[in-house]
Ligand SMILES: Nc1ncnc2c1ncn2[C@@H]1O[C@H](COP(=O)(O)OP(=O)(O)OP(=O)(O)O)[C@@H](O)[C@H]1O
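First, one chain by itself in structure tokens, the form predicted on its own.
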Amino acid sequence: MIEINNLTKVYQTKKKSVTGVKDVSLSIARGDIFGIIGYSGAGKSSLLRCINVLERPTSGSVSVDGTEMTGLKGEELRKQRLKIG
């Protein structure tokens, strides 16, 4: 199961902050298939990159099968990414 709670990702530029993902919460049960659709620049890729922690969320949490992904680093994180499909 994937649990996302109040996920937000803000990118900093030299002149301003840009919110890529704002306060997303959802649950995906084992075996469910989800598609993420939206306009260009809507935050689809940012959301996916936050789920597998290729991007660190600014706030919120991502849990996969009970493991809090945002708290992992290094080898632990790489092992957990192998389980995500």
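Worth saying up front: this structure is predicted, and the values here are computed from it rather than measured. Sequential numbering from 1, following the sequence displayed.
As for the form predicted together with the named molecule, it is not shown, yet the points below apply to it.
In the predicted complex, is there a heavy atom of the named molecule that lies within 4.5 Å of any heavy atom of T58, even though the partner is absent here? Answer no; every heavy atom of T58 is more than 4.5 Å from the named molecule in the predicted complex.
The named molecule contact in the predicted complex: Y39, any heavy atom under 4.5 Å: Yes.
Is N52 near the named molecule? Define near as a heavy atom within 4.5 Å, in the predicted complex. No, N52 stays farther than 4.5 Å from the named molecule in the predicted complex.
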